[in-house]
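Here you get one chain, nothing else, as structure tokens; it is the form predicted on its own.
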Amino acid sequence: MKSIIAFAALMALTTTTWAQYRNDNSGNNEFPSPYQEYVTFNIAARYGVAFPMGGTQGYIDKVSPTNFALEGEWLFPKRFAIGIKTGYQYNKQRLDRQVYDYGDQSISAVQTRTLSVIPAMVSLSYYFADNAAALRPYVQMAGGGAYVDYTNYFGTLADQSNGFKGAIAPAIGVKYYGKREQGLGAEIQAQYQNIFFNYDLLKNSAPSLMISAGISYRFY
């Protein structure tokens, strides 16, 4: 429920701020900006928290506080952008000591569940304001894959599975630069990520909702 509320709040914030600044970002200047005339570039770095969903909750039901995202985009004059994105995501949950059946023996151990993800995706974005605007809300669809490391520790013993799996990641967000054509700005994003990973306690797939914020820089 908290993740749904956070997602809805970001959508409301994006819609409200866009309505407030729409007139200022119309781009009706006497001379066109280079951002409106040519292919330009944007890079972004964000930190976020991720809410486990679906099959992920059956393995780790804690909010992940360790998520970093890096993105680079080619911005086209018609408000479309093609980009690449990666980062690092990590979550861990420790359970109280219990007795487990491990192979042909029973052991008393503290179980520590970990999940690491390194995404590698291509993205397509559409912005609701021109490339020079001070405020740029957007929608994004990304797809590709992610390297997943599932390691469940029973004391010093470990049950592990890893590999590169397919993934999709639709997102919405907004970039704010303060004024038209300014290079350095801030960004917030809400991303739903689903990795097609299925192993032991993590059933069917590994979805999550990540809310992130950071810096953005556009240049030409």
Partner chain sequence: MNMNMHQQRKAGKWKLGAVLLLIAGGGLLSCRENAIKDLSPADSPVYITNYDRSVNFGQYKTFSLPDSVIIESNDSYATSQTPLSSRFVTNVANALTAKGFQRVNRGDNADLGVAIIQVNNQYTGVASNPYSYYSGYWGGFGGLGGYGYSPYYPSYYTYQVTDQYWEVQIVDLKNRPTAGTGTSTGQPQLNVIYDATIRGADVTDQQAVDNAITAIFNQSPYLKASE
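Residue numbers count along the first chain shown, from 1. None of these values were measured; they are calculated from a predicted model.
Omitted here: the form predicted in complex with its partner chain. The next part is about that form.
Colleague: Would Y90 count as a contact of its partner chain in the model of the complex, using a 4.5 angstroms cut-off between non-hydrogen atoms?
Modeller: Yes - in the model of the complex, heavy atoms of Y90 and its partner chain come within 4.5 Å of each other.
Colleague: I'd like to check something about Y176: if you look in the model of the complex, is any of its heavy atoms closer than or equal to 4.5 Å to a heavy atom of its partner chain?
Modeller: No.
Colleague: Quick one: is T151 in contact with its partner chain in the model of the complex, heavy atoms, 4.5 Å cut-off?
Modeller: Close contact exists here: in the model of the complex, T151 approaches its partner chain to within 4.5 Å, heavy atoms only.
Colleague: Examine Y47 and determine whether its closest non-hydrogen atom to its partner chain in the model of the complex is within 4.5 angstroms.
Modeller: Result no; Y47 lies far from its partner chain in the model of the complex.
Colleague: Tell me which of 167-175, 188-196, 49-57, 154-162 has residues with heavy atoms within 4.5 angstroms of its partner chain in the model of the complex?
Modeller: Among the candidates, contact is made by 154-162.
Colleague: Judged by heavy atom distances of 4.5 Å or less, which residues of 205-220 approach its partner chain in the model of the complex?
Modeller: Contacting residues: F219, Y220.
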